[in-house]
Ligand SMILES: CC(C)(COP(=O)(O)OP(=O)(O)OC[C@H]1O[C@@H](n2cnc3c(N)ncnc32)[C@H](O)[C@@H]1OP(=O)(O)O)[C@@H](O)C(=O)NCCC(=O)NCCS
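As structure tokens, one chain now follows by itself in the form predicted alone.
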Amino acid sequence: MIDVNLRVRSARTGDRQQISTLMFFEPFVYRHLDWCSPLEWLGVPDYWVIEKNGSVQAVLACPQEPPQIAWIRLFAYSGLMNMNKAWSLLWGHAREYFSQFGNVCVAAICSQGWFRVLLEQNGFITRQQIILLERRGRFPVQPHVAPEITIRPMMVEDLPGVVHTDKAAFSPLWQHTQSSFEMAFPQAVLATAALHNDRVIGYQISTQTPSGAHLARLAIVPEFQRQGIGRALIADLVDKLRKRAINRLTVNTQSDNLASLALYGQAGFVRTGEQYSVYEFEVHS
């Protein structure tokens, strides 16, 4: 039976309190690991709720950033709704919306069994894993880099160059936008840039964790890769963390990113055994 009182509509800033209640008080909530809270995405068009008699019963947020790449940032539903019904209504609306943009890749990094089952039942496929690594032991001797390359603390003025580096180094699914870096930069415990003749050619951004620090982002433009710059950025980071009495450093990378895995292995990182599936769904016009 169709509940005529249920309707899917765009989320509004006025929904903040009700969405917050779903996020923090319902048992089944999927949240993307992000630089910002899902509530901060309110106002973008790729954000929907199910409403019944003025009450928000479920929510799905998957904003396109960059365009045609839509990570699922939030899915939550009230215990008053059936999970499959909530997902069916919201995902059906999202697919229809995304179809107007041509090809849109909708993705999620999934660590929760119930959400993994839901995605698989709805045609999402996994092509890779996110692998967690931890640095152990002594770091090798500081790698040599060309004298014209300098490593220094990142500045706000570097962000356009950081965005350019990121776009050159990663495939569209993993690229970050200017606005993402503007949110990430103030949250960093340490952020450094590698420059060649005043041009940003590499960077790292690390955040503090309860047990140490996490290397959240590292990239080198392709023409400067395999020249020791990535290892130099990590060595500089480790040295600065030690001076702050931070001795544990973790990092994530994709299971099929062999260059990244080799770099982290050379820098003393080993796998922790934790890994998470990356699910994707291609929406076509």
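Residue positions are given as counts along the sequence shown, with the first one as 1. A quick note: this is a predicted structure, and the numbers were derived from the prediction, not measured.
What comes next is about the form predicted in complex with this ligand, which is not displayed.
With this ligand left out of view, the stretch that reaches within 4.5 Å of it through heavy atoms in the predicted complex is, among 240-248, 47-55, 60-68, 212-220, 212-220. Put simply, residue 230 is close to this ligand in the predicted complex: some heavy atom of it is within 4.5 Å. Though the partner is left out of this view, residue 262 does reach within 4.5 Å of this ligand in the predicted complex, counting heavy atoms only. For residue 225, a non-hydrogen atom is located within 4.5 Å of this ligand in the predicted complex, even though that partner is not displayed.
In the predicted complex, residue 266 approaches this ligand with a heavy atom inside 4.5 Å.
Residues 129, 132 and 272 are none of them found to lie within 4.5 Å of this ligand in the predicted complex, as judged by heavy atom distances. This chain is displayed alone, yet in the predicted complex one of 188, 169, 118, 159 has a heavy atom within 4.5 Å of this ligand; that residue is 169. With contact defined as any non-hydrogen atom lying within 4.5 angstroms of this ligand in the predicted complex, the contacting residues in 246-260 are 252, 253, 254, 257, 259, 260, given in sequence order.
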